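A lone chain, given as structure tokens: the form predicted on its own.
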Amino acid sequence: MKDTFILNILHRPEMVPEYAEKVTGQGKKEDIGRKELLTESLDIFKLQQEIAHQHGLKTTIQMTYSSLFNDEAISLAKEHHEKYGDEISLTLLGLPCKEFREKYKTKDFCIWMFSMEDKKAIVRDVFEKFHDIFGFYPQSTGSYYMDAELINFIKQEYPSVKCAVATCWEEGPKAYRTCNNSWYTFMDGGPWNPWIPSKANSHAPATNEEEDSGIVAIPHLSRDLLACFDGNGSNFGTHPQNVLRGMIYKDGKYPYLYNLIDQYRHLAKYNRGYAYNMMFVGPGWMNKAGRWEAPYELLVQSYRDCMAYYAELRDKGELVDMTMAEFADWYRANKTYTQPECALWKDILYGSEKQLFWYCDPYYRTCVDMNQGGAIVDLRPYAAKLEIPVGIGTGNVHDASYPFLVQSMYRAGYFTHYAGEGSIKSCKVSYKGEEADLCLCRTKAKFSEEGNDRILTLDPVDIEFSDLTFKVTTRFIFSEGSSEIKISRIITDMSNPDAKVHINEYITACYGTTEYPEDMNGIVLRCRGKEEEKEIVYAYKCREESVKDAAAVEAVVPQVKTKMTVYPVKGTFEGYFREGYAFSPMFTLGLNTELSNNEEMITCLKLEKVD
């Protein structure tokens, strides 16, 4: 089957674009109705549309609330819909304008942070005004983030909506810090590519029709899945002004932008021929005063060059441009609920040769780091379908993130500065008192499929002890339609064929959405053997228990309604758990065994919802 690389281009006539009032009105009293601001914003929107149409590319025009009061913006949308086939859509971004502030008496602008009562009032207001102007309700909408309650309400009230921009990928503590500690809203933990959100939580994909919220969600920008995990996502996206903001250009050239687009094209290899890219640009990014130390001319030229590259791919039959509504129909026709999103992603910016593998389905999202020997460095329990209301009046105004069980960036990972353990899933090998963690062994991986299994096979890593050398080969098996990850370890090339190596397959976990520790009290740790069972309730007491001939080792984390189980698939193991303490608020589940030359062990990590 020929690969399908689909592009969504979104433009919005944001009459009061982000940050722009501060630039246009420098030295003047704030006035978001300033004429020069509105004129410049509309001019930039017209230029963006013109550049897209010059290259024969369709756009989705996401009308903002402020643009619904502007006759020229309305007229342009109607004209471009008729002439170019652009979709007239409606975004819940761009709320701030004189009319909005006078009506709602607030400077808030993030729809997910309002009270549910206000969310409903604003949605009805905006959607009905759109209908009054255009004579129909939109088929798509969006914002930086849309919580499940909001999506469910919109779908119930306005069933024509079939597609929405629903989250920014990894806009959490990292974004907060790089915005001078002023980005007071978190939304980590969601998919990086389109998905069907569940009714319970918009980050977590629906498992079946019953959980289906009724829309197809797309991300706000297609981001670099490695650079964004390591650092600030706002600098690394297929949005030329992101690349300029990240200073990733030289002499007016930006090869990284094209490499990033190409890497998204390459994801077709891991997703049965399907790849996706989105570009969502408001007029504030092409401000005539310049942005991010880049002059206006470079801002515009980067936009022209990006559109030209998309057109070149289309002309070669390597890209299909769609509106949001068209894409939602395609997605429904070509994807199943349980079909995962996979991304074997390599560093295209820093020259490190680092690889990450991302996997996302209705049961979990996870990331495997080949730079750490195949350690799992991110794990989100979508199986729990956590209901997390967000906004004023919920007791949770700002944190829309989906919690993690493992997150090496926020919870130390393999290395900890002083004591205790960090959050990671890895494997330790030992022999005669010497030990090595695969976290310290860099490797590379290859992707393959067998039936409904997606398989990640890592290159063997070399282990050298004082009187023994050998190789460890690791495979991850992700089975579609299950909440399980199987992990195979094989020992080969032993310098002493009669030796036995001790293997400790472990996961050190916690829960949370930020760097700051949560209350671990009440977590249940359990070892189940064939003849005995041991259990404790977490109380920060450093306790450890083990059983011979383990059937399973479990942690029930009621705070995130999740049971995490590790159990043997091939081999005989001692099972153990370890409770952390106040300075190291983690828990560890592990399976110990011994392997000889050419022997294989297989363990499984499983996530389940608990009430």
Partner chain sequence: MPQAGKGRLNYRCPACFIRELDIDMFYDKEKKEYYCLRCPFTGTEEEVLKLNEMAKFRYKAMMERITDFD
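Numbering follows the first chain given and starts at 1. As the structure is a computational prediction, the values presented were derived from the model and not from experiment.
Keep in mind that the form predicted together with the partner chain is missing from the display, and what follows is about it.
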By the heavy atom within 4.5 Å rule, which residue out of 540, 431, 183, 258 makes contact with the partner chain in the model of the complex?
258
Give me the residue from 350, 136, 415, 516 that has a heavy atom within 4.5 Å of the partner chain in the model of the complex.
350
Within 4.5 Å of the partner chain in the model of the complex, heavy atom basis, the matching stretch of 489-497, 237-245, 374-382, 394-402 is 237-245
Please determine whether each residue of 232, 295 and 355 possesses a non-hydrogen atom within 4.5 angstroms of the partner chain in the model of the complex.
yes
So in the model of the complex, does residue 309 come within 4.5 Å of the partner chain, heavy atom to heavy atom?
yes
Using a 4.5 angstroms cut-off on non-hydrogen atoms, would residue 302 count as touching the partner chain in the model of the complex?
no
Would you check, heavy atoms only and a 4.5 Å threshold, whether residue 474 touches the partner chain in the model of the complex?
no
4.5 Å heavy atom contact, residue 448 to the partner chain in the model of the complex:
no
Which residues from 155-191 come close to the partner chain in the model of the complex, meaning a heavy atom within 4.5 Å?
177, 178, 180
